[in-house]
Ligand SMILES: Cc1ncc(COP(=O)(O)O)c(C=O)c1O
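So this first bit is one chain, no partners, the form predicted alone, shown in structure tokens.
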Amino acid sequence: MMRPAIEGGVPTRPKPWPTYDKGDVILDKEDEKLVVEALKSKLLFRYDYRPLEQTHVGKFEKSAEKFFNVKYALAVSSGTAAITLALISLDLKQDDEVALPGFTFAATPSAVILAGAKPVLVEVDENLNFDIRDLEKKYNPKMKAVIPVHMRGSASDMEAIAEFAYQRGLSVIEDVVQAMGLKYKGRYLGTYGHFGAFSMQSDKGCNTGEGGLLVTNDDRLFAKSAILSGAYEGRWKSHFDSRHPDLDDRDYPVYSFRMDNLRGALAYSQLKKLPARLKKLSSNYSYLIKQLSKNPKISIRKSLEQESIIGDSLLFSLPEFTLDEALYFSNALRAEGISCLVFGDTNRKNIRRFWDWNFLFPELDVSERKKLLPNTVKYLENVMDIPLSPTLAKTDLDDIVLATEKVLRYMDARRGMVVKL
């Protein structure tokens, strides 16, 4: 039996695991060419003298409308900005409630707060997706909108959520920040609700460093969102071919959530390559779960259908393990050269878990917060999270399999000797 690196053995891989903060971003000559072109034009502000479709941001928006088969796409400064604009355009009041899952990036409840509404947290199910059963329990007349989150690139059941929402007059804003380009039942996520909000920050499907995208088929909601984003003094009308809603942009505040033409050029180029990126991620993920599924100790997160998960991260749990054993396992995997975190690690901050949202529960300690969503805590706490860059080769995937088997065999042999962390 090989000794794991955490116990003094030789690591499975000597090189660092590729993650976005190490610069593993897929950029090529076409990206460089378009960004330089935008820079040389000296027309960096998205609303210049040209027709919108001739600007770099406008080209990206038009290509996004075609890609997602929607009437309107609005390029903005971030995914958070996209969600916020969608919520503000709904004219929510201070006491209005917006439902969202307890497993999401902190930007989701932050957007609700920015919009002046109250976040209401909903449980996730055993596959870490939005639990519509808990949504049904928490629904009340103050609830005006729901934000399903396709967290870590896995689709929530949008048909069921949309039906529930529409029957009760709730607006639906899909948080597709981590699932750009993913389909569910043959339809792009982000097109089931009133709005779809995407991110183009860091390791997302289209990476512009910072950036976001809002899509919708509603004329009036889109016009309001464009005005709010900063299309002042009639500039919002450039998004419409002819007829546009009867609005006065002076009735709305200006939040300056626009995207500039440098990022627009990069986004336009990146969107063209999104299908190839998704194909590579899917292929890698399929190979990886096929190998790992051979080990009965590993329980891999299940998706609603084979095509409804992007595969840019691997989430799995070890049901037989205690939390202490899960923490040992994740530390051991990192020592082997595989980036791995466990969501229940109390020694690490992780603002994807609701109990780390101090800004939302300043009066409650962590133990009290966990009581608010006990199922989410139960399902999430010992889940492993391994990032899967599209740059990974088969040898990298085999490293995950080898390192996992190596650590599990050692832990089996030394059961009861794991040091409590």
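Quantities reported herein were computed from a predicted structural model and do not represent experimental measurements. Residue indices: 1-based, along the sequence shown.
Beyond what is shown, the protein has a form predicted in complex with the named molecule; the following relates to that form.
Q: Looking at Gly211, Gly102, Gly196, Gly205, which has any heavy atom no more than 4.5 Å from the named molecule in the model of the complex?
A: None of the others qualify; the residue that does is Gly211.
Q: Can you pick the one in Ser299, Asn127, Gln201, Ser339 that has a heavy atom within 4.5 Å of the named molecule in the model of the complex?
A: When the named molecule is considered in the model of the complex, the option within 4.5 Å is Gln201.
Q: Is Ile309 a contact residue for the named molecule in the model of the complex, using a 4.5 Å heavy atom cut-off?
A: Contact check for Ile309: no, nothing within 4.5 Å of the named molecule in the model of the complex.
Q: Should Gly190 be classed as touching the named molecule in the model of the complex when contacts are defined as heavy atoms within 4.5 Å?
A: No, Gly190 stays farther than 4.5 Å from the named molecule in the model of the complex.
Q: May I ask you to check whether Thr80 falls inside a 4.5 Å heavy atom distance of the named molecule in the model of the complex?
A: Close contact exists here: in the model of the complex, Thr80 approaches the named molecule to within 4.5 Å, heavy atoms only.
Q: Check Val149 for me: does it contact the named molecule in the model of the complex (non-hydrogen atoms, 4.5 angstroms)?
A: Val149: yes, in contact with the named molecule in the model of the complex.
Q: Counting only non-hydrogen atoms, which stretch in 288 to 296, 224 to 232, 104 to 112, 138 to 146 is within 4.5 Å of the named molecule in the model of the complex?
A: That would be 104 to 112.
Q: Using a 4.5 Å cut-off on heavy atoms, which residues of 158 to 185 contact the named molecule in the model of the complex?
A: Heavy-atom contacts within 4.5 Å come from Asp175, Val177, Gln178.
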